[in-house]
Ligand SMILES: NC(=O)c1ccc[n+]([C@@H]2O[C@H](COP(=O)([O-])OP(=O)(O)OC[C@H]3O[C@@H](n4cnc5c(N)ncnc54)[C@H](OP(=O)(O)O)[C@@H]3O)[C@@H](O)[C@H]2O)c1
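For reference, the chain that follows is the form predicted on its own, supplied as structure tokens.
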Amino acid sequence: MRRVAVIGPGRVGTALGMALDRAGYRIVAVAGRSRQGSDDFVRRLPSARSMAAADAARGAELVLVCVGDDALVEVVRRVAAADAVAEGSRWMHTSGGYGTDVLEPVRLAGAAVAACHPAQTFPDPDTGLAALPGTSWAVTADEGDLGWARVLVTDLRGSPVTVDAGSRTLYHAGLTVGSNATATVVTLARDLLLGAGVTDPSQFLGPLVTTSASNAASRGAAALTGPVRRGDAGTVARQLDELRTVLPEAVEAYLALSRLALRHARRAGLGDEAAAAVAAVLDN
């Protein structure tokens, strides 16, 4: 049974701790910035003790670092400087944008390291835990560490996909647009429907967004539909006029998204004349 410490008991760290516990790992320690986060973690996983990051790492065979991107480098440096890295321990961080270079201090101290990022959203620990089965993970590690890193992801019921260290930033940008930007756009769409008197926007947006996202993920620009794709410049003009009247703060986003949609529509076969008509409306 592998002894696990989780540094960063947020939504991701807590969900992964629960998943590993179910997989037969023993969660022995947790370290977090807030007392509330650590207490919630221990409430869910009573085998864990709340302690400082260095103390948590000392007694662990596997350390999961699930802190935010901007805190990752400093947390790892402080633990390594405290001589708290157990020889032969395994360290994994869950940041999407970083490879294993940020774990260099603990690698030099004798640990094996890997970067494993779940391509999943974690609005709360329980929802994240439920979504983990079948989730794809970007795994970055030296050749000698890929094996255990991939086994760890499999134990989390995920699907490991090797991503080169030099590609992590672009990979993460893709997921950021696909998830966070999508959520932002759907929130805007929800506001527009509420403004139109639709009391339950999810009735419309749930099926529509799910199908649209699935089609775009598999077919790219060929999945694009709507007035820009059809070259309906008049419809685009009417929508812009309405937005300028009732929700002017949405106009800039509408224009930016429509210009991007027009670029994809050209790739998908929209004719030059129709494309030019839409572009003229967007530039007016």
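Residue positions are given as counts along the sequence shown, with the first one as 1. Bear in mind that the values here come from a model prediction, so they are computed numbers and not experimental data.
FYI, the form predicted together with the ligand isn't displayed, but the following is about it.
Residues of just one listed stretch (138-146, 152-160, 111-119, 188-196) have heavy atoms within 4.5 Å of the ligand in the predicted bound form: 111-119. Annotation: in the predicted bound form, residues 5, 46 and 50 none come within 4.5 Å of the ligand through any heavy atom.
Distance criterion of 4.5 Å from any heavy atom to the ligand in the predicted bound form singles out 67 from the list 236, 67, 27, 64. Remark: residue 219 does not count among the residues lining the ligand in the predicted bound form, judged by a heavy atom distance of 4.5 Å or less. Although the partner is absent here, residue 95 is a contact residue: one of its heavy atoms lies within 4.5 angstroms of the ligand in the predicted bound form.
Mapping the unseen interface onto this chain, residue 209 falls outside it, with no heavy atom inside 4.5 Å of the ligand in the predicted bound form.
Taking non-hydrogen atoms only, residue 266 never approaches the ligand to within 4.5 angstroms in the predicted bound form.
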